[in-house]
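Here's a solo chain for you in structure tokens, the form predicted on its own.
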């Protein structure tokens, strides 16, 4: 039975875990990243790649300002493209109530320096001529939002981490977890990873990993499905987000495919990667209702993954009551876009014990009353 020792063990090779490992290794820390499968096999590799500034609270907005700046620098830093582009996000309100939510959020966003505006239906149609504006009340528009390709980002973080001496142990799940003088992580192949500090960044598996240590995290995985079309000539720049109960959200990638999904009501709880028969006809109807030009688009692939939800719609990013154990999970579908900045701050917090900004709304001991984040 082999034992690997390190200064920090990171459980989870998605965007949060790999970003944190990158910033830890950049500070000279001996870090090991462990994953039950391949990099991005959980939520990161199943997301649709959107990046937005448009949140409803200052900490999330500030985090995204930093993240999008970091995404913009990745091609130079990594030496390869991560398909970063800023085509904007257009959020669509088909009710006066949602339009009022947009107005309130825009006041907060502008106070944080975000270039965002409220469009009337004609202005929204001028921006996206293919948009069906029937019933539309208003749109919230930020041209600085955008997209990136998750696997290219993970590739860059791994390369930078390994170049700095970090290690990755993949296709090898943590099957037991205990604390003695250090943490001992027992892996599926019988080996052990020993470290004084551990970050739980395993997405929907995080709660179960913490339980053997007597910690019950307020995390609830639920299934979300997505699809991608054939390549088409570029005609759609922004991500469109339809906030109707039967709405959807989708964008066209730089390579021409349209990628999208919708939030199921009611939610489908549990760690689920199976797909439903209902999703494809529903997503096709919802997307073509909003952009009729998509009616004849061929869908090439359909998959499912997990959002890891919290009661208030904000992540958990904090130390736990157990000394040396940290958690970064409960991203509520926003992990990829939060990842670069969140990894940067988490690395500093693990090493220095302090955040670079006010992250109290992400604290483990906060009041989890629903409704803190209105733009889920």
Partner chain sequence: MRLEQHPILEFHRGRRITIDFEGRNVPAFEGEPIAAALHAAGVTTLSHSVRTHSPRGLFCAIGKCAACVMEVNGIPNVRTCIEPVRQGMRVRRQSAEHPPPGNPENFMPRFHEPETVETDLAIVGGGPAGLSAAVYAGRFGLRSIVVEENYLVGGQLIKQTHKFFGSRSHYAGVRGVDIAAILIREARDTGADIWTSSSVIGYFPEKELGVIRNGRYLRIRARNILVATGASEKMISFPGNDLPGVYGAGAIQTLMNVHGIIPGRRVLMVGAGNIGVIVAYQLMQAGVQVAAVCEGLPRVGAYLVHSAKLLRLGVPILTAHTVSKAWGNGHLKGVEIQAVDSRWQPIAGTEKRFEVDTLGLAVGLSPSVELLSQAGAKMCWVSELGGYVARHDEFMQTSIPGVFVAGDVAGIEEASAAMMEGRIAGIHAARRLLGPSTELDSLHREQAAELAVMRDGPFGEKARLGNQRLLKEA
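Source: prediction; values computed, not measured. Positions refer to the first chain, counted from 1.
There is another form of this protein, the form predicted in complex with its partner chain, and it is not shown here; the text below is about that form.
Participant: Using heavy atoms and a 4.5 Å limit, would one call residue 103 a contact residue for its partner chain in the predicted complex?
Facilitator: No.
Participant: Considering only heavy atoms, tell me if residue 72 and its partner chain come within 4.5 Å of each other in the predicted complex.
Facilitator: Outside the cut-off, so no.
Participant: Quick one: is residue 115 in contact with its partner chain in the predicted complex, heavy atoms, 4.5 Å cut-off?
Facilitator: Heavy-atom contact with its partner chain at 4.5 Å: absent for residue 115.
Participant: I'd like to check something about residue 95: if you look in the predicted complex, is any of its heavy atoms closer than or equal to 4.5 Å to a heavy atom of its partner chain?
Facilitator: Residue 95 lies outside the contact set for its partner chain.
Participant: Go through 77, 216, 189, 278 and name the one with a heavy atom inside 4.5 Å of its partner chain in the predicted complex.
Facilitator: Result of the distance check: 278.
Participant: State the residue from 162, 184, 144, 83 whose non-hydrogen atoms include one within 4.5 Å of its partner chain in the predicted complex.
Facilitator: Contact check passes for 83.
Participant: Give a yes or no on whether every one of 28, 344 and 360 sits within 4.5 angstroms of its partner chain in the predicted complex by heavy atom.
Facilitator: None of them does, since no heavy atom lies within 4.5 Å of the partner.
Participant: Name the stretch, out of 135-143, 107-115, 289-297, 200-208, where some heavy atom lies within 4.5 Å of its partner chain in the predicted complex.
Facilitator: Comparing against its partner chain in the predicted complex, the contact stretch is 289-297.
Participant: Going through 226-261 from first to last, which residues have a non-hydrogen atom within 4.5 Å of its partner chain in the predicted complex?
Facilitator: Those in contact are 230, 231, 232, 233, 234, 235, 255.
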